[in-house]
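One chain comes next, on its own, written as structure tokens: the form predicted on its own.
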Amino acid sequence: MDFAFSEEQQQLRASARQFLADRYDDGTAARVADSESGFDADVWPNLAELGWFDPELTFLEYAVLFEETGARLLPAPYFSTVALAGPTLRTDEELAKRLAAGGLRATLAWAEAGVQQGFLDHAGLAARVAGGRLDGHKVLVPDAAAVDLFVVAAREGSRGASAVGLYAVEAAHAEVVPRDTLDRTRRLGEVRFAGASARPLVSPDDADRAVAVLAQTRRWSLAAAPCEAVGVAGRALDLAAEHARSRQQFGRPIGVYQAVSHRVVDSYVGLEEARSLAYWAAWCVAEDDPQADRACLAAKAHAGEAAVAACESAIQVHGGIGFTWEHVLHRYYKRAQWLAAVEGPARDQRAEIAAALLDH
């Protein structure tokens, strides 16, 4: 495939990169991450002004934005709103308008304790809706304390295991319990619903549509995560390369020593492979290509591991300073690990690809 971003997409990248670099230097990002809330509530209107919620954006434009937000660890629920909740929000005219105007921060609440936690694993969900009221307990909800609305996967009444629906619940009607997690720039939480007012977005009466929306959510998430991972890996590589050029040892830059240069080169190779796969997945999602599911699985599996490896190598290149809390690298390392864990480890995605190929 001969692929290149358009001039408009490159301009979007340049604008996003400049905005994020100006707003979040390493010190600012650290202060936000270590704050009580862990997110920058004031940035959301700026993102709307920049057009980041424009309904005319395709997934290729989102891919550009996810990559740039990964490079600066944007401390706001953009991934959760666009990739996790976005496919469902777009099924509702009112919520789609709020999203497009930048007046809505949202996330997806699907996982529950004691059952499979993949986007398509809904057979054991205990959350129930009766009379427009939702009762349930969700876990591992990204950005739970930073959003205005939850998109909740739940059943209606006593319907069977296959009858899952998607409901909108305002955050004011839920109890959020923040959890101390590895990545403080994207925190998880538990959310409890006790008779919360729930508006159906995708009814359990239309089971095929509910499954299709969840499948689209999985596709978007598995395509967004590798794009963000590419941004993380690229930033880690830049930090490592700069340190290798500037740090002197025995009168020479440490980059001239093979033990250092080989790490930087390996990170570069892994990054470029991840970038190719991430862009392929983004293109497939944007074009609704038949290979979209396979492309997303391949991209997420490789890019997540490449980002972790790039961060580990960058920490090693920096030596003792790379292991300190004061240095920004540990924050990128933690985001990389978060991304690598989306929808399970890479071996799960590889196993799914293998099964699809062998069953074909």
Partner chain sequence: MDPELARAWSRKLHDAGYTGLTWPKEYGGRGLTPTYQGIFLEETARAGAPGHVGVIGLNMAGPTIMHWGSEAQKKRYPERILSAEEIWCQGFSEPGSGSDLASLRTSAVLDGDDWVVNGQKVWSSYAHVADWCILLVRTDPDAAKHAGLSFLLVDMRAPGVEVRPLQQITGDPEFNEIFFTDVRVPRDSMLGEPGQGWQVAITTLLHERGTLGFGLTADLERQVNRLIALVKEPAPDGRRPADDPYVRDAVAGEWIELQGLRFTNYRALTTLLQTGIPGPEGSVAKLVWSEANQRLAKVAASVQGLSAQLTGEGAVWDGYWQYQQLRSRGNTIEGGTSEVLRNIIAERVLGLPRGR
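Everything numeric here is computed off the predicted structure, so don't read it as measured data. Residue numbers count along the first chain shown, from 1.
Just so it is clear, the following notes concern the form predicted in complex with its partner chain, a form of the same protein that is not shown.
The closest heavy atom approach of A298 to its partner chain in the predicted bound form falls within 4.5 Å.
Though the partner is left out of this view, H122 does not reach within 4.5 Å of its partner chain in the predicted bound form, counting heavy atoms only. Using a 4.5 Å cutoff between non-hydrogen atoms, P253 counts as a contact of its partner chain in the predicted bound form. The shortest heavy atom separation between R245 and its partner chain in the predicted bound form is within 4.5 Å. Contact with its partner chain, judged by heavy atoms within 4.5 Å in the predicted bound form, is confined among 186-194, 277-285, 72-80, 144-152 to 277-285. Highlighted residues D266, H302 and L357: every one comes within 4.5 Å of its partner chain in the predicted bound form, counting any heavy atom. Residue E273 is the only one of E273, D206, D92, E170 with a heavy atom lying within 4.5 Å of its partner chain in the predicted bound form. Looking at 4-41, the one residue that comes within 4.5 Å of its partner chain in the predicted bound form, counting any heavy atom, is A4.
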